[in-house]
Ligand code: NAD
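Given as structure tokens, the chain that follows is alone and in the form predicted on its own.
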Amino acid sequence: MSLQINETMLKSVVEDVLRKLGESPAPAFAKPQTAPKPASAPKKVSKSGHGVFEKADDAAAAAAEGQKQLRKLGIAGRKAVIDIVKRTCAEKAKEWGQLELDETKIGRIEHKIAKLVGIPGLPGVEWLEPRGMSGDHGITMEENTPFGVVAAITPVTHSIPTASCNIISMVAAGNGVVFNAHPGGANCAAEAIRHFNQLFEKELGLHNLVTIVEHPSIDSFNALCASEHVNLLCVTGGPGVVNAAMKSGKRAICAGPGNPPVVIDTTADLNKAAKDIIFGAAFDNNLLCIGEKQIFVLDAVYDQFIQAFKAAGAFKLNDKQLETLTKQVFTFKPDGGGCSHPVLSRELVGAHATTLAERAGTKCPAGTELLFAETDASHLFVQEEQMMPMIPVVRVRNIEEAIEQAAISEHGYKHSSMIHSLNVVNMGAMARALDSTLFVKNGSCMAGLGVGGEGYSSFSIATTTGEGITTPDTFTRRRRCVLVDSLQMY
């Protein structure tokens, strides 16, 4: 299943996205074959209303009650919930995209909208397929069953899209969900959860199936980890919260950090590679964890690629401008052991390319989506995940050096990587060396999520714990039911 958006729309300016929304009615979703009956009201009602709670444990307890109601409605009820979420994201893409941008102040409005427009393409209950076996000794059925309540931690980079994506996958699996959003995107996430719950209550009689902590903090996160009502954790965020979740004592599905490299060899279509990299690395100002973050180009085609990159619209910083920008992007913080480590300026995360150019002491043409600079492999922009539309380009002698440096820069996160090549031997060598969860050949990073390539999308890519691109199946337990001998028909 692919995202119901295409590369042209994603590249367009906001007017094109808004026109598409105006011309295309929201997707019509089939009603459940058996209409679910309204569920009884829960014992607890949110003081803040419609799934928004002040205390983490109250939010978790309410989600547990909501999950009990969902179980009574069966798979038809799950599908009805998912249809509401998909329909609503398409209908409110413009409003919610602007709401999130106003709060977080990072990224690009047309891409905030596009992410929500793409939510209807995510897989739902149809993804869950039981497996049956029969033989001389009876019948065995293996099916997917829910965990109960999933505590989901969402990032500031994609607050409403991640929450919406998580609801679809987790509810399709039969779970209730309690959210602890990143504080920088908590208000817009709470507004989306509140609106979803109003629709669940009105159309299905479900109360508090998905809940959220109104004022999230590390204390509310710890409370969810300790809550008796929470059966599973799903974390989409940085290394700090991922490490905390994995030490909680509960099973955790963790989408950790990434620093995706790109390799360009002598067989690559350089013009296409340049356009693909701009499309991926500039999307939402490089906030995507899968976005291209550094480029390694073989010496034999290096100069040609630089020209192709410029021709495709990337704007080059000179050495002095790169040095000026680097000092503003990175500061150094003591680690307590006599050393220091680089810290990213939050002010510049997700900033526009034009803003970064000004900080570097220059100006780029209006509409420029991506800056680049020539660096060595040890540069901070190569080694650190910077999440802004400025990409370093590194000259390497041969494919062996390119793959080696790409692996070093990726730091073993096993997240995402790209190669532009027509040489299958080189593709295979890079695949083995990096062992990344997403590996895209001859395409933008976005092709790894079904945009410009085949497949489906997700905003939680569990690289740290190995589940990969999350689907409804990710959030289920496998149950085997066995009937021995007694139903033989021959």
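Worth saying up front: this structure is predicted, and the values here are computed from it rather than measured. In this text, residue numbers run from 1 along the sequence as written.
Note that the form predicted in complex with the ligand isn't included here; everything after this is about it.
Asks: Please run the contact check for residue 244 against the ligand in the predicted bound form: heavy atoms, 4.5 angstroms, yes or no?
Replies: Because a heavy atom of residue 244 falls inside 4.5 Å of the ligand in the predicted bound form, the answer is yes.
Asks: Do residue 444 and the ligand come within 4.5 Å of each other in the predicted bound form, heavy atoms counted?
Replies: Output for residue 444 is no: heavy atoms all beyond 4.5 Å of the ligand.
Asks: Any chance residue 175 has a heavy atom within 4.5 Å of the ligand in the predicted bound form?
Replies: So residue 175 does not count as contacting the ligand.
Asks: Closest heavy atom of residue 183 to the ligand in the predicted bound form, within 4.5 Å or not?
Replies: The answer is yes: residue 183 has a heavy atom within 4.5 Å of the ligand.
Asks: Looking at 385, 265, 276, 284, which is the one with a non-hydrogen atom within 4.5 Å of the ligand in the predicted bound form?
Replies: The residue from 385, 265, 276, 284 that makes the contact is 385.
Asks: 146, 392, 124, 256: which sits within 4.5 Å of the ligand in the predicted bound form by any heavy atom?
Replies: Selected option: 256.
Asks: With the partner left out here, if you bring back the ligand in the predicted bound form, are 156, 240 and 460 all within 4.5 Å of it by some heavy atom?
Replies: Every residue of the candidate spot has a heavy atom within 4.5 Å of the ligand in the predicted bound form.
Asks: Residues in which of 88-96, 206-214, 148-156, 362-370 have heavy atoms within 4.5 Å of the ligand in the predicted bound form?
Replies: That would be stretch 148-156.
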